[in-house]
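Presented as C-alpha cells, the chain that follows is alone, the form predicted on its own.
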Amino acid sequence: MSRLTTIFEYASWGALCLSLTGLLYTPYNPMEQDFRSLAFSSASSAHWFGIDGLGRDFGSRLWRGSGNTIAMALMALSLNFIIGLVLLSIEQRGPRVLQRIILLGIGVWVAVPVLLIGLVIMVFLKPSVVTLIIAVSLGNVPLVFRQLRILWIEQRNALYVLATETLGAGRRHLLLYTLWPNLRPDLMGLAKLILAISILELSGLAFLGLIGDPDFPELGAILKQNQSYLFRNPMLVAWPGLILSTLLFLVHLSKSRSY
C-alpha cells in the first residue's frame, strides 16, 4: 500500500511539473488567433481540446493557463510564508505589548475574506497578476501564522530539544540538526495545503476580474472568458474547471507522505 502511495505521489508531482512546462512550451501560440476559420471546432488529432471562439488552440491555452495558475500560487505561497515567518519571529522575540498586538491583529485578520482584501488592494493598485498574488498571499497569512506558531511552540518545548540544549548545543546546531528534521514534514504538509488553497483562490479571483487582463491565460480567467459560449460549446467551459479540479486533486495526492 505504501508503495502504491509513493507511486501516486511521484506521479502527481510529475503532472504538476508538466503543467509548469506550459510556461516555456505549448504546441501553438496560446495568444495568436491562427485558426479563426476553425472557431468553436471540436477536438481533433491536430487540436486535442478544440479551438476556442477567437480561433486559438484551446489545448495550448489550457496548458499555459495551468502553468500560470501554479506559478502564481507558488509566488503567493512564498510571500505568504515570508510574512508569516517574520510575524512569528517578532511575536516570539519582541516585547510583550507587540506580541499581544500581533496576536490580536491575527485574530481580526482571520475573519477578513480574500475577496475583501483584493478589493481593498485595488484601491491602491490596478487589477493585475501582481495584485492577485498579493491579495491571495495576504489572505492566507493568519492561517500560516497560526500553524507555524503551533508547530514552533510544540517542537521548541519538546523534551528532546530541551535535552539537546542542556547538553550545550548551539543555536545553529539546534535549528539545523534537531528542530528542522522534525519540523520539515509538517512544514511541507502546510505548504501543500496553502498551495491548494492559493490555486483555488487565485482562479476564483481571476474569474471575478481581479487579474486585470481578461485575455491572460489563467484557468479562472479562461473559464470566465468562455462562459458566454456555454451553450455553443460546453467543453470550452468544462475543460478549465476539470483541469483546475485535477490540479487540486494532484496537490492532495502529493500530501500523502507528509502526514
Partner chain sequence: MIVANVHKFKVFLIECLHKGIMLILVFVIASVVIFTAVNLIPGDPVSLRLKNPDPTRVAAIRTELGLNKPLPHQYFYYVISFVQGNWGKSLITGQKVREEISTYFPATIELALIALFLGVILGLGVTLSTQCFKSTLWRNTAFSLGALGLTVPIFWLGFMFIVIGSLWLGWFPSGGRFDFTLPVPQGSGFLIFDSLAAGRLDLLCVTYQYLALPVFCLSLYPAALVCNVLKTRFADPRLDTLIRALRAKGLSESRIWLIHILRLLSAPVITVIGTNFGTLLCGAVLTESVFSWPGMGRYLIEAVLNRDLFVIENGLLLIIILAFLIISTADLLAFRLNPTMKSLSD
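Residue numbers count along the first chain shown, from 1. What you see is a predicted model; the values in this text were computed from it and never measured.
One more form of this protein exists, namely the form predicted together with its partner chain; it is left out here, but the text below deals with it.
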So in the predicted bound form, are A71, L151 and Q155 all sitting within 4.5 Å of its partner chain, heavy atoms only?
no
Heavy atoms within 4.5 Å of its partner chain in the predicted bound form: which of the stretches 181 to 189, 162 to 170, 114 to 122, 82 to 90 has them?
114 to 122
Check H47 for me: does it contact its partner chain in the predicted bound form (non-hydrogen atoms, 4.5 angstroms)?
no
Quick one: does S42 come within 4.5 Å of its partner chain in the predicted bound form, counting heavy atoms only?
no
R56 near its partner chain in the predicted bound form, any heavy atom under 4.5 Å?
no
Classify A11 as contacting or not contacting its partner chain in the predicted bound form by the rule of any non-hydrogen atom within 4.5 angstroms, answering yes or no.
no
Within 222 to 237, the residues having any heavy atom within 4.5 Å of its partner chain in the predicted bound form are L223, K224, Q227, L230, F231, P234, V237
